[in-house]
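The data below hold one chain only, encoded as structure tokens and taken in the form predicted alone.
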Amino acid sequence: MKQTVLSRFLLAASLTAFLAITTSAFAQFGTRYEETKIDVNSYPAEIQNGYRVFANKCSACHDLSSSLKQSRSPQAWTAEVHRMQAMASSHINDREADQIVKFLAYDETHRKDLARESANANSGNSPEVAGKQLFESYGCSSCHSVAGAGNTSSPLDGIGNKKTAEELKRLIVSPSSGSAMPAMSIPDKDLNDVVAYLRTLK
């Protein structure tokens, strides 16, 4: 009788521990891609299919809102998808990886480019205002936060007091080896505007 009670207690404790770990994992790798909605109906059929593969496969481990906000060159997206594909948990085959890359590259040069053009058009010729909007359209808030808004694991508050304009430019386009920051392929005007905004964060 005592052995049975002890066995049940140990089983309950194990289940509790497992559920705690599982809950923590889902909290870390949430699938809240509905937070960032994009209309792919105007995209070519092949790209729409790539979006569906992206949403299905990548949501297993990532919050797709972050992926949809990030901005990378086609080459950088290819490298990133292949890096993810190499992980045992990805279950992404070569055909699916190619479809995901094509969607991300197309989305980059259409939806995101339009967002950046709109940011420049609505800035009133103020580099700081344009830079703030470009900061969002380039997906910087998926990794960084300002005044608590964005990814708070890497805040940029006060960066304007810590880095010169040239130092900020180097950090954006040519981050140090081993840095989690990807090298950004960004036009000079956009780069100058983003840096002008970052310099206001003092």
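Given the structure is predicted, the values throughout are model-derived calculations rather than measurements. All residue numbers refer to positions in the sequence shown, first residue = 1.
Quick note: we don't show the form predicted together with ligand HEC, though the next part is all about it.
- A residue is said to contact a partner when one of its heavy atoms sits within 4.5 Å of a partner heavy atom; S142 meets this definition for ligand HEC in the model of the complex.
- Ligand HEC is not drawn, but in the model of the complex it has no heavy atom within 4.5 Å of I47.
- Ligand HEC is not shown here, but in the model of the complex it comes within 4.5 Å of a heavy atom of S154.
- In the model of the complex, ligand HEC sits within 4.5 Å of a heavy atom of L168.
- Heavy atoms closer than or equal to 4.5 Å to ligand HEC in the model of the complex belong, across 182-199, to the residues P182, M184, I186, V194, L198, ordered by sequence position.
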